[in-house]
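A lone chain, given as structure tokens: the form predicted alone.
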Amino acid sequence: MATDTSRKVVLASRPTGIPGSSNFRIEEEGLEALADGQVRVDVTHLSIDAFIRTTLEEESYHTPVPIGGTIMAFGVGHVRESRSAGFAPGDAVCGPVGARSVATVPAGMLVKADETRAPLSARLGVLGLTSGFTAYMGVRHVGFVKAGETFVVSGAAGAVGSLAGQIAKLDGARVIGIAGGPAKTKHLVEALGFDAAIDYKGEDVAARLRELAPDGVDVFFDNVGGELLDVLLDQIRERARVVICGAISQYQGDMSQGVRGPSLYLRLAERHARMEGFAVNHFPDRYGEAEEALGGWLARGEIRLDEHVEEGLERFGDALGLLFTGGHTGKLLLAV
């Protein structure tokens, strides 16, 4: 039932470690009449992404959230009302709606979603900027993966990692995933088709990697950073590419104090290799290409992404914390 108020998640305090429910609170706000060019959306699901953690700092690459400010998040939903010619009530849409139940945003922030092509939640997963598009850009336009190469991805059971591994596999690479726990490594191999997987919680990653890739690693897609990045740098081949997508291991402390970088970066010089970081917004001219490729693979059943769904805005802080404790597999969503 439509209401004349919206519930939203605001920042109550800045986390000094893994965020939790105590760092957020739920507030209610009234809905004012729409202005020209605005669209009102009943939000159904929010994407729980690692970048959100960085916005909780006073200074951030992403726009920082002030104390009492609404948390930024991508979401999907249906248009309730519109004062934009491009949208009509009932349209399925996605965009940076914020962590709220009803979003009132400029029409330019939204993109229509075709629910006949894929479930709406896929716009936050396989067809989402922070998941599918990010994985696609990292594999195709930063890592330049080639058939026959050895491709290793960390955080492999998460949304970006699992998709990056599948895309590299479709491109003909031999894919090795690194994830935490036997259930996740089994999922990578048996459900997603990875060639092998390493349990960083129960195995010696360096030793196991030498067994699986005795000739070295051609492409490393890194979502974790920290000590694991050094392990991989020590085993890259000549002309290897190291793709820096994220460093979730470094998002758990006080980020204002900086993050720990690699100590073995000279392996890049020794092996004529390169390390390149990226964010999906660096490739806006490639969005159409990514959507066509990802949508085709999804329709043909050549790629998949499991969903882990938490229920209710009150669970926002706990859901965000799951990203850092290994409590999910696949795409982490919050049902509003």
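Source: prediction; values computed, not measured. Start at 1 with the first residue shown and count on from there.
Quick note: we don't show the form predicted together with a small molecule, though the next part is all about it.
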item	value
Location of the small molecule contact in the predicted complex, chosen stretch of 150-158, 211-219, 165-173, 82-90 [non-hydrogen atom, 4.5 Å]	150-158
Contact at 184, 224 and 326 by the small molecule in the predicted complex, all three, heavy atom at most 4.5 Å	yes
4.5 Å heavy atom contact, residue 201 and the small molecule in the predicted complex	yes
Contact label in the predicted complex: residue 126 to the small molecule, heavy atom within 4.5 Å	no
is_contact(residue 249, the small molecule) in the predicted complex, heavy atom dist at most 4.5 Å	yes
Proximity of residue 56 to the small molecule in the predicted complex, heavy atoms at 4.5 Å	no
The single option of 96, 193, 180, 119 touching the small molecule in the predicted complex, heavy atom within 4.5 Å	180
Among the candidates 197, 245, 145, 76, the residue which, in the predicted complex, approaches the small molecule to within 4.5 Å (heavy atoms)	245
